[in-house]
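Below, in structure tokens: the form predicted alone, a single chain.
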């Protein structure tokens, strides 16, 4: 499986790639073995981008989308094929990337008064048809990149469809850019899981707003439609019911917990960033459903203000619970319906807002062990 080297960018979690390498057919395993070569290429491109620190800006308050075609190559950004205001091209990946980045921009602009990803008018750059059979999507710190899935595989072996197909994936990955410019949550352990969760939250809100779904109507799936019919899966993750998104002979069963009692202490996946994100995901779902109506109106506003104004790189689940509870009080009043919903949402997943236990005794022991053995926060 062709996988992305930098986990903050990728929508497909590493444990799926590992499972395919272990359980896949010879053709599927061969793709997994290409990881090292492709990872090296992407690592070099990321370093070059970091050194150049190129920042492209649009005019103040104006949406400016540009979609490029890599033509199955690895050079970024590729050939410009659609710019802001251009008519649809007829290429599904190009037009989905264009529409999805626009819907994400509109959510942040119209609901949260944010001026693009960096809040300074950054152009929305997307590259589609990245490499041949690239089955992932990622944000590289400057732009979005999308693969076409297993297009190069025999039909019966295919796992993934094109990655522009799910608008919540587009919103998810672009939100990594928002987080990068705001709290900049360290991509490890609980801060990393929060990083993933914020991307799931706002990716889901993008989809819900496009579909005009209330919290009760939404499916709360991340990556719906990404898997082919060969896979027994509804999506990559479920915010409503973590651990139920897929159960497949090849991929195994969705490992996400929805409660701190089931928190997964692991060293893989940067400390389980794609796994334990199910806990704050479930908390947000709880809050949104209790408040009712459109989830972006109140629950989304609380989460957005928390991300921008309250958290820092080392914030853990308890800090997020405390901060969202505080922000709900700031926005809607202490002991308001909104603040009580935030309290209930986190309590249901085993975290009490306002406490200092950071996940209780298990959380304290976990943080001590991590600080002793890997020097990072849990």
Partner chain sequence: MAAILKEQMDQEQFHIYFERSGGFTGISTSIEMDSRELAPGEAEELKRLIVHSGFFEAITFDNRFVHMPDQFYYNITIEHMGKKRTLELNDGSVPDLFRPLINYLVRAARASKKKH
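Numbering follows the first chain given and starts at 1. Computed from a predicted structure; not experimentally measured.
Separately, the form predicted together with its partner chain exists; it is not shown, and the next lines address it.
- In the predicted complex, no heavy atom of residue 214 sits within 4.5 Å of its partner chain.
- The shortest heavy atom separation between residue 260 and its partner chain in the predicted complex exceeds 4.5 Å.
- Contact annotation for residue 74: at least one heavy atom lies within 4.5 Å of its partner chain in the predicted complex.
- Interface membership of residue 156, defined by any non-hydrogen atom within 4.5 Å of its partner chain in the predicted complex, is confirmed.
- A heavy atom within 4.5 Å of its partner chain in the predicted complex is found for one listed residue only; from 205, 169, 283, 299, this is 169.
- For the options 98, 220, 105, 160, the residue carrying a heavy atom within 4.5 angstroms of its partner chain in the predicted complex is 160.
- Of the candidate stretches 133-141, 111-119, 286-294, 89-97, only 133-141 has residues with heavy atoms within 4.5 Å of its partner chain in the predicted complex.
- Applying a 4.5 Å heavy atom cutoff to its partner chain in the predicted complex picks out 269, 270, 274 from 269-301, in order along the sequence.
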